[in-house]
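Have a look below at one chain only, the form predicted alone, in structure tokens format.
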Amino acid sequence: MVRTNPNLIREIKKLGAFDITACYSCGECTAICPLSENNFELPRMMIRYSILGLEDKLLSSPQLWLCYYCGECSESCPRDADPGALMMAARRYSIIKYSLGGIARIFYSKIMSIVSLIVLSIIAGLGIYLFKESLDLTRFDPFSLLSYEFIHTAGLVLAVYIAVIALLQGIKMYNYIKHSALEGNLPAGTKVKNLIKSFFIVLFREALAEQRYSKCERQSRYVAHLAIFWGFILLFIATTLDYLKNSNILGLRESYEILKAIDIEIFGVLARIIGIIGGLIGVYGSIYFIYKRLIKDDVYSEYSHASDWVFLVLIFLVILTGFLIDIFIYTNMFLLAYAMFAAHLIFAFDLIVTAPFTKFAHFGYRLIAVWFYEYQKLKISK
């Protein structure tokens, strides 16, 4: 027997789907959606699940995560029901339900999200104050603010935190989605083969190129979205190279002939170049979406949820403070460089700690969902 949640549509409406009950299921949204295929009716099927209170159906549907809210369905809706907003709000609802103990609900409340960010910023600030070193004001040395050991340990703790939370919440999502995605009587070998094949399809087409987003008419949004993603990838690579430059791992050069010829400084140069490129495209992407949400000239930006603003502003501040550090270093304003470094660490801490429960989580959940969706397509094609 299918369980229903009579409060489902009411809760989803609170998360941004204000007008969806005007829908009378005409199917116009499905007809125009570039992602509606293979008998998977987007977004109409998700609308019906929501209105009928079929929570398990909604949470177990990979199709929910295919949508990038291009807004074409909302613009064509004869009832102004804004089906695109329903898809976005339903994903917020899903993130809350997938999260451990429903903790993500905090970050989808305007007041609580602000309070939580203030608390996290205070914790990060206190950590910097309590563990600070003696500043070297004759040059900029980040390890004279916080020791290498402290930054290394804190980085590992945050990495483990992200990995554990992501794994547990990913498993929770999988337990929902597996019933609809993996059902069928395919031989075990064929299932494994299809899962591996669909994984690589997702890795190259969705994760690295966001191919589905490129199907939307608004290519400028696609480019900006891709810029934020690749900006973070390049900044992560730059941070890793900088870590290798300062890490004891490079002490292995004394033991391995192949590493003796490596100039340690090359890691720093590469980190700087890659970091600047990543920062520039990341700033472009974040400014684009901030600007669009301010001028509200598109259907997707007419309403901005608090979680959208928190995510975009934190991304912008993390990248901006990174650039300001370099500017103050080159102008020999080392005290200001240290201040920007401290602010950079605080904003990065806020972004990382909240990542498993906010817009960042979309990326992970989307990849899992699209993986199983591609598997479904392979299964159907058989």
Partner chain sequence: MAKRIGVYVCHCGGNISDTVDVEKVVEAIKNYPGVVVAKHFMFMCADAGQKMIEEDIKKYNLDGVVVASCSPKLHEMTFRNCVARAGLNPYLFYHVNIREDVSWAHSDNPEEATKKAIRHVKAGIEYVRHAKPLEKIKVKTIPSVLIIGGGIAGIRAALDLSRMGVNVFLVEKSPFLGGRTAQIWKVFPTGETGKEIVRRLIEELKKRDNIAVYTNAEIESFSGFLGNFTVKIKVYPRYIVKKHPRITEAIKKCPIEVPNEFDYGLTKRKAIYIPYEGAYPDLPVIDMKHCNKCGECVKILGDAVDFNQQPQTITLNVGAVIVATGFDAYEPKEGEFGYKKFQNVITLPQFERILDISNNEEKIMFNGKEVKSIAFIYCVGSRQIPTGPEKVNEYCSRYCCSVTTHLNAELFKKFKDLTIYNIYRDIRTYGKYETYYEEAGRKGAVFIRYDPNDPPQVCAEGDKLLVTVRDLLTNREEIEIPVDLVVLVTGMVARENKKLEDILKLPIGRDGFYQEIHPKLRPVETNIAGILIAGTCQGPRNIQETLASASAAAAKAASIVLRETIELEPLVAFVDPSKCNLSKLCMKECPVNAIQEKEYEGLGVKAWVNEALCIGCGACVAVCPTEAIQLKTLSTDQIRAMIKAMAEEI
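Numbering follows the first chain given and starts at 1. Keep in mind it's a predicted model, so treat the numbers as computed, not measured.
The same protein has a further form, the form predicted together with its partner chain, not shown here; the description that follows concerns it.
Shown here without its partner, the chain carries 19, 25 and 52, all of which come within 4.5 Å of its partner chain in the predicted complex through at least one heavy atom. Using a 4.5 angstroms limit between non-hydrogen atoms, residue 10 touches its partner chain in the predicted complex. Not displayed here, its partner chain is kept clear of residue 325 by more than 4.5 Å at the level of heavy atoms in the predicted complex. In the predicted complex, at least one heavy atom of residue 79 sits within 4.5 Å of a heavy atom of its partner chain. When contacts are judged by a 4.5 Å heavy atom cut-off, residue 45 counts as touching its partner chain in the predicted complex. This chain is displayed without its partner chain, yet in the predicted complex the stretch 79 to 87 from 120 to 128, 145 to 153, 79 to 87, 100 to 108 comes within 4.5 Å of it by heavy atoms.
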